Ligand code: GLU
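Below you'll find only one chain, the form predicted alone, shown as structure tokens.
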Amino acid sequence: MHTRILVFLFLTIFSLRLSATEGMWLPQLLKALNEGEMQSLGMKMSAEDIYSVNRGSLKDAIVSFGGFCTGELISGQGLLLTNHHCGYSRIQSHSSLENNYLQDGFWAMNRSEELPNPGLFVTFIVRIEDVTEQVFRGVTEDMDPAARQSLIDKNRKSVETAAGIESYQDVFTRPFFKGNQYFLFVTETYNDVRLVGAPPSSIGKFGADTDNWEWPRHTGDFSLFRVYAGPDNQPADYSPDNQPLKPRHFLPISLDGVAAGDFTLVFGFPGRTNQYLPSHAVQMQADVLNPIKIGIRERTLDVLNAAMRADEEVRLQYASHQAGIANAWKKWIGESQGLKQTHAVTKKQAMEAEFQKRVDAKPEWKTAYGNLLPRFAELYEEMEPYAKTMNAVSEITGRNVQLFQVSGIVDRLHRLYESQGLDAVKQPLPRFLSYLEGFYEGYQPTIDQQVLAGLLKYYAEEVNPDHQSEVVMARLKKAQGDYAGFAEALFTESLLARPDDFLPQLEKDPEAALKAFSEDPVHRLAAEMRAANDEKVMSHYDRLDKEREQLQRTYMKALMEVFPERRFYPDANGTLRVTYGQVEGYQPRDAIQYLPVTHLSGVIAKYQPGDYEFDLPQKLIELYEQKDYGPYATADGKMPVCFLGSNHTSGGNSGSPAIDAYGNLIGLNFDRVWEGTMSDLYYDRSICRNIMVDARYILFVIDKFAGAGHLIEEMKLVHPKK
């Protein structure tokens, strides 16, 4: 009995084996690694049905949407489904006070009404190949790191050149397992993507910031686009003569819905995860760096939220910017809380103790890996003060103050002018002008000025004095604590804050405009802050981080050697992945149990007339009161809205399809629960859940609410359970 208890404690404490629903798996390796487990969870498909290069499979319906989200084809005529928040900026770009598609929704009733979106693209994966052997040809462990990387880069280029792709295809290689393995991807990118439909924000963004990252959720977070191709069905730039894409595969849609325990597969392009960081890194993220970023964004959000609540036009103009600021802010709060709630650091420390024990017991491992964890501890202690300043300055100059962002963009053009002269500027200038015109459309300098005032106060009072810019601090001291007055004076003098003067000058006389830009007070302030950060912080941080990166690669290799009983999956890196799980509720706190499905009755219960987060269209209320749900209701007459799964997802999985055991669409992934946002760093099935819109709610909104039944007609609706 004593021995069995010890074995149980060992497996519980050290968590060497993956949860059955953990992992972001490469689709071409499912047959070898996952097929049996997936079928034990209820999957009826084969791995070949999910990924095949010889016939149409699920992967041929999945696209990277704009490089930042996922989408999927749901008809044989190129109809594409993704999240409302993924299409948000495009919907916003077509909106005005007269045609407010964000507020009122948009539905193209025929192909001629579908709206082009210059710059938007979707990318399909054609095939994936393991090229590790070719990439590491001639590479040895004892090579100088720079020489080693140079040879790897050269080999990668050779592999890509020899890939044998068609003229309309692209190829790239990516490192996996922290650079211990490489895969090649052949892709096809389509650049003619048109907006087809979007519900009003009162459906597509219902709950807004209050419900973001939360459960129970009642958001119809979806939008529709269509992919167009040339006459040969191959990628082509926008043309009125293009035809809807005929895909190799599209997803049928199940009308049978979901029940607790049902198998769920989420297919998409998760962005970045770091599952294999040492405990020192996770602790620093949760206890030190996240609080810095959270505090800075709170100051920004206080300004933005007040301005948006006071003015409807400002709310429309700043909707996308505010959502971007708030999304990460709330995520970081939940991430830190989740890491503490699941004792992630303690569990990692226990695993590391077992790792060190195994390493010390084997001479060759002790020689190669014995000092990894002690050196990690030293490195992270050295890096922490620099990381604190780096994160603070990055938030201030790179995201929160919009005019600082513009300064960084224009500075690229200015550096090109200084290094190569005026002729070099002429070619990229139209692209820069187009970006700037889009940025300034709806930009409110007075709001940005208030944000700057608050963050200058933070810079003066919270950033390490040894890391501050002497020039900036001298100017702030002269202001004697009047940060609002200081910011107002800057914006009054700044050419960047006067787009009606700056943009025409940049277009007609770029040389004069760029010279004036170099002396712009807002630009100079941002430049001084960045320069001090580069000199006093980044030079030291980068040196330490290069060593950390090499240690992490070795540590990843060591983990796979030292724990042969454990399955390892590569961290997300923007490439196509499969995650699988089940429809499942969870218990976030003592005495609270969340069920896995929400309904339209919950939407109505949250309804607050006039509140921009919880207002509802009258037609949706009428459909609810009349119980006019069409064929999309449950057997007991309810209208499902969202459901939970235990799939391991991340940023980039927004818009990913939720697929049932048979390969049909049952929902649309759009979020994670707040308690489980730490899954980018540490997955724990007890509280890690992804949130999906039920496909039946999507169909109901399209058909009964929007009256766009013609779109339903081109889909394939099925009853796999019957």
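Residue positions are given as counts along the sequence shown, with the first one as 1. This structure is a prediction, so every number in the text was calculated from the model and none was measured.
Only in words, not in the display: the form predicted in complex with this ligand, which the text now covers.
Colleague: Can you pick the one in 244, 570, 445, 651 that has a heavy atom within 4.5 Å of this ligand in the predicted complex?
Modeller: So the residue touching this ligand in the predicted complex, by this definition, is 651.
Colleague: Among 29-37, 693-701, 664-672, 50-58, which stretch sits within 4.5 Å of this ligand in the predicted complex, heavy atoms only?
Modeller: Heavy-atom contact with the partner occurs in 664-672.
Colleague: Just checking whether residue 577 would be counted as a contact of this ligand in the predicted complex - the rule being heavy atoms within 4.5 angstroms.
Modeller: Flag for residue 577 set to no.
Colleague: Is there a heavy atom of residue 483 no more than 4.5 Å from a heavy atom of this ligand in the predicted complex?
Modeller: It does not: once this ligand is placed as it appears in the predicted complex, residue 483 has no heavy atom within 4.5 Å of it.
Colleague: My question is simply whether residue 213 lines the interface with this ligand in the predicted complex - judged by any non-hydrogen atom within 4.5 Å.
Modeller: Yes - in the predicted complex, heavy atoms of residue 213 and this ligand come within 4.5 Å of each other.
Colleague: Can you tell me which bits of 79-93 touch this ligand in the predicted complex, meaning any heavy atom within 4.5 Å?
Modeller: The one in contact is 85.
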